[in-house]
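What follows is a single chain, given as structure tokens, in the form predicted alone.
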């Protein structure tokens, strides 16, 4: 699949590897070359946690003065040039595609709600108006969130309260599966437990992409007891979570493991569409820990895996059609669990090809954002 691109307003994408100084120089050169003399309105960059963020944030911010520049650590990076780990990717959205923007870093370590609210207030000050008054047909929020402190639900709730009409799309920072420390950056400033919030006014049509390649298997479970602070379900339907899950999937309890969870996550079904809550691990006393919150009373369904690449291709095709049949660029956020599936299937090249040649950059995440916090999903935005 090849997609026509708006050449006059096309985004620039880049991918680089190697030591930080060399990778930054290569990345910046590719972005400036792709912009062809145009000025960047916003730049999003994504980097392996093997890099020291101090070696990246300042030089990248300095390379695009006047632009909103934000980035985060990853569990792998991809662009229209390929997918891999241990490197850098970025996308520069040119002025015109971005009419105006404001970006802010919220510190979440002391108080998640207060830190998120502070970022919202800073963005509102930068735009000169409250987010709830913005036209959702022209405005969009992109968010990068620390991926290790289980802050995503509250961050999304606070942003949603401030901007109930806007699409808020993004991903949770990763650290290459070490699960030790992630970071987000705005301009030259880096946080190990923060949120980077970008709100932009688009000068072109845009469409949100969501793809998860799963369908309902027809088995429902109701959450009846949890340890909410640990994102752990203790009981489904008044049975131990492991026992109830095993029965719904049709396996023995001793077979409830990471492989089963990958193939059969649980979905909150809305209009026949699954919003995934992925199990992470079996814990003491038959509980199941999740990558996202699953509150008491939630009804979820066991879902079965489909064709990840085909579903990605279809979602991108539909988004391009919705913005007029030609695309100028895209930003994408792909779950680490999908990356692991792609690694096992050797389908990463086909995944990249599914974007049809659109200038795109993205990263493999510890969770995805759109209408809340989800797992095992691709979220993103295609710009016309």
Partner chain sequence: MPVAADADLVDVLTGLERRLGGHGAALATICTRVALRTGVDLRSPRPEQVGDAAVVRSVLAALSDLGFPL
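Numbering follows the first chain given and starts at 1. The model shown is predicted, which means the values in this text are computed figures rather than measured ones.
What follows is about the form predicted in complex with the partner chain, which we do not show.
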property: Region of this chain that lies against the partner chain in the predicted bound form, out of 100-108, 163-171, 244-252, 279-287 [heavy atom, 4.5 Å]; result: 163-171
property: Contact assignment for the partner chain in the predicted bound form, among 230, 118, 305, 268, heavy atom within 4.5 Å; result: 268
property: Contacting member of 176, 201, 81, 157, with respect to the partner chain in the predicted bound form [4.5 Å, heavy atom]; result: 157
property: 4.5 angstroms heavy atom contact with the partner chain in the predicted bound form for residue 366; result: no
property: Residue 371: touches the partner chain in the predicted bound form, heavy atom cutoff 4.5 angstroms; result: yes
property: Any non-hydrogen atom of residue 261 within 4.5 angstroms of the partner chain in the predicted bound form; result: no
property: In the predicted bound form, residue 238 touching the partner chain (heavy atom, 4.5 Å); result: no
property: Stretch 216-238 - residues with a heavy atom within 4.5 Å of the partner chain in the predicted bound form; result: 220
